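Taken one at a time, structure 1 and structure 2 that follow are two forms of one protein chain, written as structure tokens.
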Structure 1
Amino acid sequence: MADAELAVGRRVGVRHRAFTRERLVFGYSLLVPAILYMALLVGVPFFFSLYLALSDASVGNQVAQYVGLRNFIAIFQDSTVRLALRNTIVFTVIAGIFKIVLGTLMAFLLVQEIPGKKFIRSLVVLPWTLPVAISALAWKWMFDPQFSAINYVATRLHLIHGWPNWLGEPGLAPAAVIAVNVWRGFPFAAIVLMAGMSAVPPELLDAAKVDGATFFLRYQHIVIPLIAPILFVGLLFDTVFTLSDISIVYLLTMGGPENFTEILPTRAFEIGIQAGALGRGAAIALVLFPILVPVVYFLLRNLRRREAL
């Protein structure tokens, strides 16, 4: 009797291990496409950029020599690169704050039951879906020093005096570039927040309203904790997009005037592609990596903590 029970137990253990092994194989096979994607489209360019940054590679040299950290030392001795680094951080922080505020306000509007809600949603998403070249060129026309539509309307409404050159004055160009980035990016924040708010059970909000909780208390203690994972993911994507946004700056100002809108992506393009110094251009591009790593780590760590709760 004991031998039969032992044999049955062994067979059950063998089947369980075989089933577990099959599940593991099936699970890892599903991960293979994602791993190949990360390795080929992310890993290979990253390590190739690292190879270029540690060499004196240029368009005119057929053979690149290893130079260690010389490129990184040289770029940080460049005052333009230091200014571009400062502009990149300021650009990302200010644009992020405005996109969060405007995205939150727009999300509250989009979840309300109002006439024409679907049409309003389609209009809100339009800036984010338009090709960046078309939007940037349209804004460049509106900021034109001679035919500026913004100046025309603002002067007629007595909001401004004179005819400012938005993209040609050092004090106005950064604000203009940030405004265009916010205009393009806040619909993404609004859609992410709207999706999160739509998933909040209305029973919780109704119960809090019956208990006397104000609108801000309901948003702070019910909505935000429930949609926190969505907020973190949206903030992570928006930070990465803003830090690496070269199109708007390049199409509007090309880093000018006097490098007041120069950011790291545009500087890397100028040095690495236009000037042909591939090594130094790659080194400038990789300066973004130590900036992104702590941000990504902080957001993902907080996201995991909230999931554990």
Structure 2
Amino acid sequence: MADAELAVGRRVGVRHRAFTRERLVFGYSLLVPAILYMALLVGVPFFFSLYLALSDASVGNQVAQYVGLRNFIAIFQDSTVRLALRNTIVFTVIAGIFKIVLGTLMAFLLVQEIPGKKFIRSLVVLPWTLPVAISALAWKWMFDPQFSAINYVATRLHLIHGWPNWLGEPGLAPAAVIAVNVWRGFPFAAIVLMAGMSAVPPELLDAAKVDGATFFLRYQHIVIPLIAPILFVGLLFDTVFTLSDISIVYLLTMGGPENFTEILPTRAFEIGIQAGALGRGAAIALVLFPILVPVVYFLLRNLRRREAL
């Protein structure tokens, strides 16, 4: 009797193990195409760019020589690259601050229950949902030196004097580039925040209200702690997008006037593609890497934490 039970148990165990093995083989083979593609088109190119950055590879030159850190030394001696690095960081930080402020304001307005909320929401997210190259062109037209719609409105409202050439003056072009980046990104900040706010349980707010907590106390102690993590994640994503975006600067100013809006992506494009110095260009793009590492680290940590829940 006991023997029979044992035998059955063993058989089930064997079958179970075979079943598990079959399931694992099946599972990993389903993953192979995606992992293979990502390895070949993201992993390999990434390491290849490290190799390029340490070589004198160029479009015409098939046999690249190892040159050590010479590219990195050269790019840090290039004042345009230093300016580009500074601009990249300054633009990202200033634009980030504006996006948080505007996005938060708009999120607080958009979570209110008002008639037509859905329709209004679908209009105010337009800057984020339009293809970026297309909105950059619309802004180029709005900043047109002759027919600027912005100047037309602003001069008539007596907000500005004269007829500034937004994209052509060193003092104004960086502001214009930042403004377009903010315009494009603030709806993203707002939507991320709204997603966070809708996760705040209304019972918690009601309970606090009953206990006599004022509007500001409720926000300070309930809403903000609950939405801070999601706002942080949104900001990190936005930082990755902003640091690496080339289209706004490329289409608005091409880095001009006199390199005042030059950023690392545009410089990497000019050197790596237009001038054909692949190694030097890869090195310029890789300057972004140390900035991206902590951002990506926090993002992945956040994903892992959520995954564990």
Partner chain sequence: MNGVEALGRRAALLEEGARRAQARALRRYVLVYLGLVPFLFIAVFPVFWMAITAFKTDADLVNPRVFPFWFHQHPTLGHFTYLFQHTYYGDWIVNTMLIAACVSLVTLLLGVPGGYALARLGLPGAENMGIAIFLGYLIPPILLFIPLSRVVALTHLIDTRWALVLVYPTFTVPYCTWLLSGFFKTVPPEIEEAALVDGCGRVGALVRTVLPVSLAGILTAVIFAFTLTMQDFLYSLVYVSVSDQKPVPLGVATDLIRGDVYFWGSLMAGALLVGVPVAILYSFFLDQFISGITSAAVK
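What we label the rigid core is the largest C-alpha set whose atoms superpose within 1.5 Å from one form to the other. Numbers follow structure 1, counted from its first residue as 1. Since this is a predicted model, take the numbers as computed values, not measurements.
task = Return 1 or 2 according to which structure is the form predicted in complex with its partner chain.
result = Between the two, the form predicted in complex with its partner chain is shown as structure 2, not structure 1.
request  = Tell me, please, whether between the two structures the C-alpha of G212 is shifted by 2 Å or more, with the rigid core used for superposition.
outcome  = Indeed, G212 is displaced by 2 Å or more.
task = Answer yes if the Cα of F47 shifts by 2 angstroms or more between the two structures on a rigid-core superposition, and no otherwise.
result = After core superposition, the C-alpha of F47 moves less than 2 Å between the two structures.
query = Does the C-alpha of Y297 move 2 Å or more between the two structures once the rigid core is lined up?
reply = Yes, the C-alpha position differs by at least 2 Å between the two structures.
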